[in-house]
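Just one chain is shown here, as structure tokens, and it is the form predicted alone.
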């Protein structure tokens, strides 16, 4: 089979590999559509997870099942499925402890394009098919379905980590596709006011549609100063970090009320230490909680989030700014995500006929 791979840090291209083998609990799938993620950019060009040689990239797609193992009960060849970016081993101790995304070690639920081949290939392997796949609702287009692999569950997990409650004032830092889903999730959770940090007009327009009411540009001064000015010096109840870098936490802590919570779902692709301002963190005693987490994966999560889209409660289509047809455009879409033109939110490549 052919796949689009990271050859080494900074270099990528199409390679030939053997089709993966299907274990008794597993499935082999072929993509119907794939989406490019900023994580692919971090991995390939920044070397964020270290050197990888001839590793097929990609972790966002929806797919058709082509083979299942002898012990798989709920899926069969021909089923069209949602595929989460995180595919835990559900019999692991970490999963039993409630942290399935870390099954087998920290972040080890993230398998695709981390330590096994990803989904930018004619066929790919899914471990624990009954625990990780979900049937694709018939009224969800495959292009939109790709948003359910990572963007929706990651953005919503930021809302969960920040513990957004009814009436909260929420700051969302970064309104790329993940941040946009954090805006949508905070709105669904009952936030009374959502302040979004972002500058690209296409993202600002989408954030407004998802429920953001105020906008901040880092070009206009520090985030925290603008937030404090907007809130009469009080700050916000919750902060969701969906963009920026290690330095962003300084602004998040400074903009947060005592007793508030920060939920980080941003992939910190570079840097050594996260900046936490001592005084504004209450010299360590300000009850300003910082929670960072990898999105939960698995079938139940996919079924529930898919149900939101299928029922019309969540419209993910505004995330999709560019659609390509055919594998031959995969590299173009990947480079587009790297270069991030002003009109970009998310590129998707359709594979099905």
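All figures in this text were calculated on a predicted structure; none of them were measured in a lab. Residue numbers count along the first chain shown, from 1.
One more form of this protein exists, namely the form predicted in complex with a small molecule; it is left out here, but the text below deals with it.
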**OP:** May I ask you to choose, among 61, 37, 302, 29, the residue with a heavy atom within 4.5 Å of the small molecule in the model of the complex?
**Re:** 37
Original post:
Quick one: of 83, 147, 197, 227, which gets a non-hydrogen atom within 4.5 angstroms of the small molecule in the model of the complex?
Top reply: 197
Original post:
So in the model of the complex, does any heavy atom of residue 109 sit within 4.5 Å of the small molecule?
Top reply: no
Original post:
Are any of the heavy atoms in residue 178 no more than 4.5 Å from a heavy atom of the small molecule in the model of the complex?
Top reply: yes
Original post:
According to a 4.5 angstroms non-hydrogen atom cut-off, is residue 265 in contact with the small molecule in the model of the complex?
Top reply: yes
**OP:** Would you check, heavy atoms only and a 4.5 Å threshold, whether residue 223 touches the small molecule in the model of the complex?
**Re:** yes
Original post:
Picking from 169-177, 89-97, 68-76, 121-129, which part of the chain touches the small molecule in the model of the complex when contact means heavy atoms within 4.5 Å?
Top reply: 169-177
